[in-house]
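Next up: a single chain in structure tokens, the form predicted alone.
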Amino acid sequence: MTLPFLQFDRVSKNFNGNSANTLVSFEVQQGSFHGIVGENGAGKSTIMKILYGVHSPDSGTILLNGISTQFNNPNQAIRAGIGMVHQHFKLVPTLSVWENIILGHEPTSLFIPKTNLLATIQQLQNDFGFSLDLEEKVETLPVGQQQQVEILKLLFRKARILILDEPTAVLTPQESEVLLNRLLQLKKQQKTIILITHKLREILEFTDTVTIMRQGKVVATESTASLDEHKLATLMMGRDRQVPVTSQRSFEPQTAVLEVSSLSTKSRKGLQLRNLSLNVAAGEIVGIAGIEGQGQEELVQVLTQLKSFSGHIKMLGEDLLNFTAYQNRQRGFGVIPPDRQKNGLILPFTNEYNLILGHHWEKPFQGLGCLSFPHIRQFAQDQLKHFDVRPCHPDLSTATLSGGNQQKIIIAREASDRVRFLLACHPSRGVDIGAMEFFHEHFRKLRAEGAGILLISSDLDELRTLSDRILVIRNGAFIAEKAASNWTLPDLGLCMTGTES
């Protein structure tokens, strides 16, 4: 009898009394493309981090080629041929792209042969269709290009087991297709690919087998060929998917909550916005589509008053610069930032404090200059329950939550009923299909109640599902605009990449 290449045998892990993995058992065959799916907080990333040496199991065994294996740190896992691209990047912002790629894997010679290393990394870029400036500082790169750096790190280390946690979350459909097909080529070279994703189509199209997890446990490991999207979603959620009920508008969009005209920016280095004009009306969702790094980040920085500009911006009927960023929040401006950990949360804070962040001076959270802890606790408990944050503990550090549950904290805080204009950047990135459906219905409810939403997303299905209009941004300028119903997915993707006919 042939032993499994990789086997998890009753592996369990607890954090502060909360079970992340419970008796997890499944097998991965050598040279296979193996998927792992589950709702946010199901334990997918945790079990892979145990394999990669980030966490130690409380009990259970991992066997590699039939030999019990436990790595005390990622360096040991890398030396054993295991590489992992994390959902939240592990990069040094002040180092260049090539320096991040070789970090921890530097040559042992007295001098680093930069020329040879650059040639090797450039060949990897050519093979995988990337086009990064290897001398560029990582801190200047948009999120999508930082993801590419992480993938190149894994390829540079020549891992034989490649673990990828949501690798296509920031890629266009065309880029995702290229990446996943390249992974198939690696599989043909007997590399073992483990893919964690919430995109069920990727699982069904590219993987051989899939392990489904729910609440820290494995509920099934199935041949992908035996599943369809409905069966897979049902196994993942433990229930049938709900058919979304679209909230009806009580009025047609009229009053503008955002008016942008002739907006431009200047930069000594990097992308500049060029003569952007854009309106978002109350009761309207306007989507912006574009490959990462085409001006979305600069637009967010301008609207959140982190970047100077020329032109005119009115928010909620008043000139943007007449108010501080804090004052605009009090007037009803909500922001779901593109990087939840960097810009949306203070990770060491508890869930209840992150839920009131930026609103802690408001009633009922404070009185006579002091925080009202009972009101904060009750508010947090209500929001955590309503948004199904797991674990549902107000006093738990937000750093211990999965990425999707951290995103729920931000949306609960920023997309409240009092919001009048919502800047939503990749709101469903890294969240499961159940949470995505909930978010979408929540946004429709806000629209029906008169809020205006500017939606920036790399998920084209999300843009077409939610938006009334979609604009495409490329090289710092809007180059196309249509009603969402008039865009097809192929046309939208081709327009984003500049390859439309």
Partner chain sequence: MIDFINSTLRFATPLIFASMGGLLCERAGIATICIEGIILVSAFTSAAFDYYSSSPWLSLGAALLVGGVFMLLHAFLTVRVKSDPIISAITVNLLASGMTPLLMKLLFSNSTNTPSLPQENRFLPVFIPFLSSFPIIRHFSNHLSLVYLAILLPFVIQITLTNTRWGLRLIAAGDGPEALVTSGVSLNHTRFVALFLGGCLMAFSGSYLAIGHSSQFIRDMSAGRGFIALAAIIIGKWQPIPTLVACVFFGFTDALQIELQSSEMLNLILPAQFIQSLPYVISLVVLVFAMGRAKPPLAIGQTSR
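Rigid core (definition): largest C-alpha set, two forms, superposition within 1.5 Å. If you're wondering where the values come from, they're calculated on a predicted model, not measured in any experiment. Numbering follows the first chain given and starts at 1.
Heads up, the form predicted together with its partner chain isn't pictured, but that's what we're talking about next.
My question is simply whether residue 346 lines the interface with its partner chain in the predicted bound form - judged by any non-hydrogen atom within 4.5 Å.
It does not: once its partner chain is placed as it appears in the predicted bound form, residue 346 has no heavy atom within 4.5 Å of it.
In the predicted bound form, residue 375 touching its partner chain (heavy atom, 4.5 Å):
It does not: once its partner chain is placed as it appears in the predicted bound form, residue 375 has no heavy atom within 4.5 Å of it.
Residue 99 near its partner chain in the predicted bound form, any heavy atom under 4.5 Å?
Residue 99 belongs to the contact set for its partner chain.
Taking the shortest heavy atom distance, is residue 78 within 4.5 Å of its partner chain in the predicted bound form?
Looking in the predicted bound form, residue contacts with its partner chain include residue 78, since a heavy atom lies within 4.5 Å.
With its partner chain left out of view, which of 390, 86, 199, 420 would have a heavy atom within 4.5 Å of it in the predicted bound form?
By the 4.5 Å heavy-atom cutoff, the listed residue in contact is 86.
Considering 131, 94, 185, 324, which brings a non-hydrogen atom within 4.5 Å of its partner chain in the predicted bound form?
Exactly one residue meets the criterion: 94.
Options 206 to 214, 367 to 375, 104 to 112, 421 to 429; stretch whose heavy atom lies within 4.5 Å of its partner chain in the predicted bound form:
Looking at the partner contacts, the answer comes out as 104 to 112.
After fitting the rigid core, is the C-alpha of residue 448 off by 2 Å or more between the shown form and the other one?
No.
Core superposed first: is there a CA shift of 2 Å or greater at residue 345 between the shown form and the other one?
Superposed on the core, residue 345 moves its C-alpha less than 2 Å between the shown form and the other one.
For residue 49, does the CA position differ by 2 Å or more between the shown form and the other one when the superposition is done on the rigid core?
Yes, the C-alpha moves 2 Å or more.
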